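Below you will find one chain, with nothing else, as structure tokens; this is the form predicted alone, and questions on how it binds or moves follow later.
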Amino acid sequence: MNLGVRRSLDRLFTGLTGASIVLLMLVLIAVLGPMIYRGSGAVLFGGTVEFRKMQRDLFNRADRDALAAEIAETDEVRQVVHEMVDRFKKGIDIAAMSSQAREINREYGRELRYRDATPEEYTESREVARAIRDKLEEAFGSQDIELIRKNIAEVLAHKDEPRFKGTVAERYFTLATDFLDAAEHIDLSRYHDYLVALDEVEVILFGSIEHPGLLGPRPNQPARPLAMTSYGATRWDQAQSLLDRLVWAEKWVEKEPGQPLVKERSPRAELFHGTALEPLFTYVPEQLDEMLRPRFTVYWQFFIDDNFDSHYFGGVGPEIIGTLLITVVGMLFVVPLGVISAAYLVECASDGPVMRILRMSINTLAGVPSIVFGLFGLAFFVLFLFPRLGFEPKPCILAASLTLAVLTLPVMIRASEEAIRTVPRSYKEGSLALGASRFRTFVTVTFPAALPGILTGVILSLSRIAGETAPILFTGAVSMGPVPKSIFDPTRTLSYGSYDMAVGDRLAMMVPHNQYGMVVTLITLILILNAVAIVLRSRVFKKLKGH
């Protein structure tokens, strides 16, 4: 071949190999980069005062005095928001106001019974109180501002009567004044629109029994059953998202007949133009920093904390423990079985039809979908083998580890077989010539020489066991539960936890940082385990070379 052509081909080959490495690195960066960036948000983020309250309540982790002072300062700023909402509600929450008027009437009747009043005075006072209540209820249900003014004026005409002084009936007049003040500033014809819009605003601000809010429950609200709805936005990015929902109202409209609906955004303040609630949409964005006090937070406890409400709060401590347990127990089965099987295939078995079928079966098993191994593990280990050995037939760490060991056994056998075959024949012949048995030759000569290659199989098996999800769905993984006390308990794992969050109801959308954090933790754990195996292989290799 011409020397110039040969050099050109060599350069082309070198360039292609270098380009493939660069391409591989770009693919890794494209895949892992965004995942690591999103996952780091589980540990590094802007934590608000709500996060610190949650840490105090759920994990007993806070400077209580400093936090109490901080909460008092933020509550003072939030009180303005509460007053705005309450003032506006007094004009439109007819059911609540009517209920309040009836309650005042009943309490006033009870008070009269204990006062030193004649039967005539009692009867007259009760009739006047009922008349006030009826006037108020008529005003509450009216959309005619003139009728409202007339009824409220008639109610307030009784304000200075001695019979109501110092009694609960004085609340009638406060209620009437507040209602008139609110009614003067709202469009009464849009009463139902206000009710719907106010309900959305309250859910965004204070949350509900199902949805977390920006500021969390109001101080006078009863405790909520779920931790996720008992606090406001614990992270600054969550707060910004909720603030956007507060400031902008979204609706889907049909622009053209037969075409898909289009989402439109409009300032929510326009819905409350001219009302007592309109300043809220300026006040909250301006004071959000003072209401939540964001602070850069390094939440390293993410790796040791348990979680609350299906990973809405907390970390992945139990998942890391469960993944390590399943991985270690699985490797205890797959490594010796894989090495012994490979030793038999290389050192003892003849190259007959039976062995060829056996090798073909091992190669075929390596390509079987992992979900098949999961069903096999459930049927064989959990339902068949465990009862016959006296164990409870239930999913557990042992069943999951055995299933994963079966799954990775073909990889371990093939890697070990190839490693054993690469040992120079002269090594074995020298040992046998010195009088050593075949077993001793394998243990003292062949196995140490093949150990670097066998450790490569260990690395491949380790990664597969730690990252698999389908085989443990039926054999040992649970989404929630205590930390296992033995290998006969089910456990949480990182891979199954990620899957559970992905298919869970809105959870992955609500806390994507926790889902990505769990995935990145799994990748990091596998990298650490592989690094340990690689270091071990490197030391063995150096020892074999005599360094």
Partner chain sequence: MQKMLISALLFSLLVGGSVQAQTLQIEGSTTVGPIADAFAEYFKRVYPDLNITVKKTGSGDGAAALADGRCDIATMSRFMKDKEFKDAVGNGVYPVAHVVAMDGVCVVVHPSNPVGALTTAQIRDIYAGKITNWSQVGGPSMPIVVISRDTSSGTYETFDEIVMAKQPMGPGVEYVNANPQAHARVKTTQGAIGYVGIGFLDREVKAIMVDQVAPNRQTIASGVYPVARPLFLFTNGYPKLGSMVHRFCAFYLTEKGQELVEAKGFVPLTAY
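Numbering follows the first chain given and starts at 1. What you see is a predicted model; the values in this text were computed from it and never measured.
Keep in mind that the form predicted together with the partner chain is missing from the display, and what follows is about it.
Checklist entry - Does G453 reach the partner chain in the predicted bound form if we count a contact as any heavy atom within 4.5 Å? => result No, G453 sits far enough from the partner chain in the predicted bound form that none of its heavy atoms falls within 4.5 Å.
Checklist entry - Is there a heavy atom of A477 no more than 4.5 Å from a heavy atom of the partner chain in the predicted bound form? => result Contact with the partner chain, yes.
Item to check | Proximity of M35 to the partner chain in the predicted bound form, heavy atoms at 4.5 Å | outcome: It does not: once the partner chain is placed as it appears in the predicted bound form, M35 has no heavy atom within 4.5 Å of it.
Checklist entry - Are any of the heavy atoms in W300 no more than 4.5 Å from a heavy atom of the partner chain in the predicted bound form? => result No, W300 is distant from the partner.
Item to check | Within 4.5 Å of the partner chain in the predicted bound form, all of E250, Q259 and P490 (non-hydrogen atom) | outcome: Yes, the whole trio is in contact, each within 4.5 Å by some heavy atom.
Next on the checklist: Quick check for you: of 390-398, 117-125, 168-176, 280-288, which stretch puts a non-hydrogen atom within 4.5 Å of the partner chain in the predicted bound form?
Outcome noted: So the stretch in question is 390-398.
Item to check | Interface residue in the predicted bound form among T441, S310, N151, S230, criterion: non-hydrogen atom within 4.5 angstroms of the partner chain | outcome: Answer to the contact question: S310.
Next on the checklist: Can you pick out, from L507, V520, V49, V43, the residue that has a heavy atom within 4.5 Å of the partner chain in the predicted bound form?
Outcome noted: So the residue touching the partner chain in the predicted bound form, by this definition, is L507.
Checklist entry - Can you tell me which residues in 189-226 come within 4.5 angstroms of the partner chain in the predicted bound form, by heavy atoms? => result I209, E210, P225, L226, in sequence order.
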